[in-house]
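This document opens with one chain alone, in structure tokens, the form predicted on its own.
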């Protein structure tokens, strides 16, 4: 199935909450696939997929950037104000829909944390008192893993509040010519939407707990609003919590994989290992999940 992919195909791995095993599923699917693919870690506030690939390659260093083949600085556009030219009209404040500009004593006061780089303030300033400036908000890092995985991740600078611009650039620029696996941020807010809105299929990873079930329903609602097809993977399943299966049956949601609770898997993961490498008998399980997702995506 994977070798028959002839057009770009994006499979996103997401979850309504953190801790369900989303990154574990994404990494192990990529490691199990014997085909060229792009792996995009879009959890820009806490990217960690590279840690698993680092251990498998034997890399050790204090600076994680050294693991990557290249590091690119990421910039957004922000306004820069020249108060000497400002006439205090306040049009810039009026057009800013994100309240990033306020007027104090007829002079603009700018809050960069609220700015969405829409450039509206630049366009309405008749005095030429606002010009575009660049602000470095994060980094994009790239690494070739083995002979088949092109890893890209984004990491937001500490104190920066908005990751969607960085995520959007990664998805647009680094998606591959065939298969792309997107490790999306947890939750259902703007970063998640930025990572999955252009995906062909979303794997929603959940856990058989009341919290996992509650947040799965939020993730399902988000995927439906985005009109992206999706299926569910139940991780750490021990047979006790059947509500998720009942919900999926009632809502006509396909369960494309069930990963059993296994203490050895937990030990491998917590040690930074790749499960399919250290437990070869699991390779078929993760490969089947990926093949099921691809099959659903191309229907």
Partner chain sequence: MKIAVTSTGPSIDSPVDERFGRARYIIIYDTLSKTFETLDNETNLNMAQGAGIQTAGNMAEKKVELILTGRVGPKAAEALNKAGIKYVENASGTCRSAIEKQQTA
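Residue numbers count along the first chain shown, from 1. Everything quoted here is computed from the prediction, not taken from an experiment.
Another form, the form predicted in complex with its partner chain, is not on view; read the next lines as being about it.
- Shown alone, this chain has one stretch from 105-113, 216-224, 198-206, 175-183 that lies within 4.5 Å of its partner chain in the model of the complex by heavy atoms: 105-113.
- The single contact residue among 82, 99, 126, 87, judged by any heavy atom lying within 4.5 Å of its partner chain in the model of the complex, is 99.
- With the partner omitted here, the residue from 139, 135, 93, 168 that has a non-hydrogen atom within 4.5 angstroms of its partner chain in the model of the complex is 93.
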